[in-house]
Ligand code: AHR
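Taking the form predicted on its own, here's one chain by itself in structure tokens.
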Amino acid sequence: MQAKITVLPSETIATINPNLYGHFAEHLGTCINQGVWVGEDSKIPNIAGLRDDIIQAFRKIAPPVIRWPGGCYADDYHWQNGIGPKRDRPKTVNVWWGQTIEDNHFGTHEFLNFCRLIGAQPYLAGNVGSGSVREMRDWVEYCNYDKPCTLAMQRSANGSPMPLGVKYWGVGNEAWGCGGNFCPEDYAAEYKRYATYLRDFGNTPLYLIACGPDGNKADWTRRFFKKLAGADQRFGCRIHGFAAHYYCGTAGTATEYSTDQWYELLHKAVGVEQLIVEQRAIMDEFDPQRKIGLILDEWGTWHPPTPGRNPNHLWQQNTLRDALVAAITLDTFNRNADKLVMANIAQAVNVLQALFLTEEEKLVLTPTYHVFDMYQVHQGGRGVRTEIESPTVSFAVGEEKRTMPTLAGSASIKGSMLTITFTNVHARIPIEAEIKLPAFSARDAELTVLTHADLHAYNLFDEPEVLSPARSIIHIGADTRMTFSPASVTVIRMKL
């Protein structure tokens, strides 16, 4: 099968915001407790109760931002329960995820310390569903105010005399569902009320994020902005970001799927591009200067419950197919860097499309982690246009026949380095491609490939290297022919 790839370094899309490579951690199953947090007295090596192996592995992929405490959990979370001496923190019921008991030992300070240790900016999701304007307003003051008010002095007594400097604040989560079952107009009214009181305490300007739709729902977005803007089409409150959610779901199960189901899920992942393009176009009707950023603060696969695991904890294995979902999605973000400002994969540890799986003292890096590692070089780069002429592959969804391109990707330039990333979704056939780099002289390039002969391959605690990237050096020129392995993710890096 033949393909043609033309990279156009002079045709810039936009700077790829590092926040497109963001993460999400919720109090759900063992994402926080036993995942990120083990406590200071744990036999598992830790830094102030935070797993050391998670910290080191996270640092390696340069995480730009991480969202917490939810998710649905955010709209029943009261931040005061998670501060002060741990012995005094109340035990509360997690009403959304199996009614497990939360000891609240992992709270604001622990999360901010985790962010500091891994090098990420914190993104706090506030409680609109069961909380109050006063509660969220006080959380902002507690975190950010730099003068000796009561809340700032309480923060100091709890170990942080200096302001915590939290910039990103979500005004609720999934307002259309677990965040209050609002209609767009009612949520817009609530958003305006909250935004009125969420002030820039101290020296950290807030970036306030409103809840967008569940998937690519134009009606929610248009009705929300129409209500928010009012008859004079001028926003009477601060809004900096608007966050949709997009789960491509599943086809088959996490580890058992046919070849057609392999393609079906990857085709669903491709659908995120339509959301980005169409949601941004609707926002442009109200915000033509793009002062409000489009965000995708939950995305990823969502497979059926894993047998033998608590179905409320959303633990799932992570295979080569999930890795291609991640690569397809990140390439889509890169190609649309002019339309999207932040995205957060769901979730970091032990939940949904996790980067890490833990079991007591054991840690395994998933195929999705390796894709984030391979693609991190795009962060902060200048996205450039890439033309790909690719053969298609056909597959069945029930009795319906569908097709999708076999090869897709993106490119960016950072400093003197050009990075090109590709996926070949074909389950069996390698793709031979002609790569054209106009006005480019021949030189060596670094090649990194993630693939496996088994479409269902994944890493185990006792076999952690079943799926891991292979690196080599290739020679590439203005016109080069290259073969992309089936079911593969490929990164090419070279000096301009």
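All figures in this text were calculated on a predicted structure; none of them were measured in a lab. All residue numbers are counted from 1 along the displayed sequence.
Keep in mind that the form predicted in complex with the ligand is not shown, yet the notes after this line are about it.
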* Could you confirm whether residue 97 comes within 4.5 Å of the ligand in the predicted complex, counting heavy atoms only? => yes
* To do: Consider residue 298 of the chain shown here, and say whether it contacts the ligand in the predicted complex, taking contact as heavy atoms within 4.5 Å.
  => yes
* To do: May I ask you to state whether residue 257 is within 4.5 Å of the ligand in the predicted complex, using heavy atom distances?
  => no
* Hey, in the predicted complex, is residue 426 touching the ligand, heavy atoms inside 4.5 Å? -> no
* Asked: Looking at 195, 346, 418, 120, which is the one with a non-hydrogen atom within 4.5 Å of the ligand in the predicted complex?
  -> 346
* Partner-contacting position among 357, 152, 328, 352 - heavy atom within 4.5 Å of the ligand in the predicted complex -> 352
* For the chain shown here without its partner, which stretch in 384-392, 168-176, 287-295, 134-142 has non-hydrogen atoms within 4.5 angstroms of the ligand in the predicted complex? -> 168-176
* **Within 377-403, the residues that have a heavy atom no more than 4.5 Å from the ligand in the predicted complex** => none
